[in-house]
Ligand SMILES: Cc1cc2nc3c(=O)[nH]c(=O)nc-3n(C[C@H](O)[C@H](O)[C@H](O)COP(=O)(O)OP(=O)(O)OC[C@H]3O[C@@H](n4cnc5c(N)ncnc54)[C@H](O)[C@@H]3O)c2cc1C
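There is one chain below, alone, in structure tokens, taken in the form predicted on its own.
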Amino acid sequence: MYDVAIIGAGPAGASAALFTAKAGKQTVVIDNGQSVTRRAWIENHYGVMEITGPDLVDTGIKQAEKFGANFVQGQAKNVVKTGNGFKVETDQGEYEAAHVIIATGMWADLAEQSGINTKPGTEPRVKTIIDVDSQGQTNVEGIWAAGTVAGVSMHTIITAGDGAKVAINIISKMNGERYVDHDVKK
């Protein structure tokens, strides 16, 4: 059983995984390889002069793996409440976790299928988003959403920050106190 299962390894999902794994939370990320960022050229991501979308995504995955996040290839099909958390059903198997973050970019169909409240999207070409509170929590306690599917701008810098925000809120909830991750210069 994982502490956190993240669905999607684009900027929001991989950023969330970086924070949860670095905080010592057992993290699995389920990704289908269809991130819109994998088709992008990026010149507006703070700290990076220019980068291809695939390179940005792969760098984020490597950062999270460095701290122990487990990435698996697969298509999430459903999220089901269990006695002590959730089961994420995929085309490659099932993964259990206490918390789930949905970071599926432009696609909210998994949320709708899993009984999570959605609402009309605000970004161009994003018709439906997951209805979340300011912390990223959905109507189902323990299921969170981050990034474009949670209603933030599609820009990678914003979705990455939203993934970090949601991860910090989950870590804080699990720890029972506000979590802060600041490294110091070596």
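One-based numbering along the sequence shown. The structure displayed is predicted, hence computed values, not measured ones.
Another form exists, predicted together with the ligand; not displayed. Remarks below refer to it.
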Distance check, N32 to the ligand in the predicted complex, heavy atom within 4.5 Å: yes
With a 4.5 Å heavy atom cut-off, would you call Q75 a contact of the ligand in the predicted complex? yes
Could you confirm whether S134 comes within 4.5 Å of the ligand in the predicted complex, counting heavy atoms only? no
Heavy atom of F71 within 4.5 Å of the ligand in the predicted complex: no
Any idea which of 137-145, 62-70, 114-122, 37-45 reaches within 4.5 Å of the ligand in the predicted complex, heavy atoms considered? 37-45
Partner contacts in the predicted complex for 102-122 (non-hydrogen atom within 4.5 angstroms of the ligand): A103, T104, G105, W107, L110
